[in-house]
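Below you will find one chain, with nothing else, as structure tokens; this is the form predicted on its own, and questions on how it binds or moves follow later.
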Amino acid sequence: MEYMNKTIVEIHEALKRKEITSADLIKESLEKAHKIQEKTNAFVTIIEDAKPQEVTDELLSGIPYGVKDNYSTKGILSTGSSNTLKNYIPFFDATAVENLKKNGAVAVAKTVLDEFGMGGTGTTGHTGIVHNPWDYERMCAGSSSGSAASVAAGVYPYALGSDTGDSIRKPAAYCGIVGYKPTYGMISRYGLFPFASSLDHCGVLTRSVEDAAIVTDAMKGLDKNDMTTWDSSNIHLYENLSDSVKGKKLFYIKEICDLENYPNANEELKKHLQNFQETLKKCEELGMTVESVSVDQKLLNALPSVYVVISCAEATSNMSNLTGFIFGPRGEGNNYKEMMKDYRTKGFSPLIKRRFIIGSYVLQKENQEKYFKNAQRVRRLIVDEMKKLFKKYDGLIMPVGSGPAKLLDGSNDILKEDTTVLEEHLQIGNFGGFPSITIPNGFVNDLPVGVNITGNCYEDQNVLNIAYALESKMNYKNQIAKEVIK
């Protein structure tokens, strides 16, 4: 009997009844990891010597999970999927990983990401492209691509991710699973390789809202090593999950969601937006109100540019410590400048280099006002607009992307000008640090698609409860990718 395709509570109960042991679960998980690796390339490292843990009353005790490879793991290779750190073995655990260890969780794999989280395709990791387990010719999105693929394939019930623009939530949609990033600072970022510090969130990918709540409860908490963390000790997400959402009010942005705004829409986009409307009807069946809201198109159009400017500027600063002297393979040269240049030139992919160039440019003194500071001002306008709406509504509900996972060869790529905001709107959750969750809400051409719910800061319970109730109206909880089943 297989257990890794079950929910956390089901696995825990089986452990408590002694139907299965932690060692058995680890064996099953490792076997599945090896089985999917050839076709998905989901892993940088499979932790062959993962040790069984004592089964306690903690729900995660003895259960395997995956760790995105931009989390520091003591004594285990942690590359950020970059050649600049291809041999880096940290001496400490990220706080989120340490907290899971305290709960008895067992890390069995480090998962592939877009290099240092800077990408949305799952194609730029130094170990190669991550393939979607629903269709190996399609992408998983990124950057938490390996985590999404392995959870969807049933390797374990959950994996850690990080989200700077949509890096947990879009891969979740493409892989037919749940992706949740809590309010900024609920989970410590200490030990997470920084990309853009004001946008980075730790989070989790699971196959149910319930499991997302369980894992987040174990990961979160104040941390003296991360001054942005806040006291969430009075928040118990799993204990307070409820599908009673009658009277809740949701809104969606009509400039993004209405099909009439896409005169050149292909069949995938049409089906995706029609499916979204069906999901809104389910919300109403649950007793919620859903209203269409108009947001200034200029603000919406600015989303991608604001994200690029701020994230690239912060990345340039954060990664200035990657010199080849402190850690990573030493570069060649006759002096430290030549050695540093050689290390960074050979180590970083073209995508990363472009982002560093953009970041350096917008941070130059003569350009700061025009680009960086203006981007910060527009970010504030966007966040203020959302906070104003959150005073009236309990949450924002939106389709994720413009349809199902794109083909890796780009032959069905519809990322044209008129769908850019539809693809990029999840960045709103990062601009404001808002809690945001994606759940599967159907299929388009036999491929999963997702819907996203975002709420006001610190209202994580509210966001999870809405998602939990909506999940109960659909039949996509704990689903496993079809290609793996075959």
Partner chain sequence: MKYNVTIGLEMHCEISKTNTKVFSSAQNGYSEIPNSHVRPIDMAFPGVLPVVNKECIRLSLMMSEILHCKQPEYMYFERKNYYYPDLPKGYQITQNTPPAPVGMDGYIDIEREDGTTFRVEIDNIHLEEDSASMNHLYDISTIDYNRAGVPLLELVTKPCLHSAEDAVAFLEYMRAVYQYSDISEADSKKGQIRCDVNISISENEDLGTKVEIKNVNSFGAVRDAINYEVRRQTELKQAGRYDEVEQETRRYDEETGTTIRMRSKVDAIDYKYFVEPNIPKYKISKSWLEEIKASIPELPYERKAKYIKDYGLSSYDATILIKEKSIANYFEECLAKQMDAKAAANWITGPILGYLAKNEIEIQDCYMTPDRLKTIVDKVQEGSLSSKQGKELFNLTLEKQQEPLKIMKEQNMVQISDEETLHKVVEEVLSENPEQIAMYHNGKTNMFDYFVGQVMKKTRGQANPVKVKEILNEQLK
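Numbering follows the first chain given and starts at 1. These numbers were taken from a predicted model, which means no experiment stands behind them.
Unshown form predicted in complex with the partner chain; subsequent notes refer to it.
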Report whether the minimum heavy atom distance between residue 224 and the partner chain in the predicted complex is within 4.5 Å.
yes
Test of understanding: in the predicted complex, would residue 406 fall inside 4.5 Å of the partner chain by heavy atoms?
no
Find out whether any non-hydrogen atom of residue 198 is located within 4.5 angstroms of the partner chain in the predicted complex, and reply yes or no.
yes
Contact between residue 291 and the partner chain in the predicted complex at 4.5 Å, heavy atoms?
no
Would you say all of 88, 327 and 368 touch the partner chain in the predicted complex, counting a heavy atom within 4.5 Å as a touch?
yes
Pick from 392 to 400, 337 to 345, 262 to 270, 203 to 211: which stretch has a heavy atom within 4.5 Å of the partner chain in the predicted complex?
337 to 345
The unique member of 244, 233, 320, 297 whose heavy atoms fall within 4.5 Å of the partner chain in the predicted complex:
320
Would you kindly say which of 138, 126, 189, 355 lies with a heavy atom within 4.5 Å of the partner chain in the predicted complex?
189
Does any residue in 347 to 365 get within 4.5 Å of the partner chain in the predicted complex, counting heavy atoms only, and if so which ones?
360, 363, 364, 365
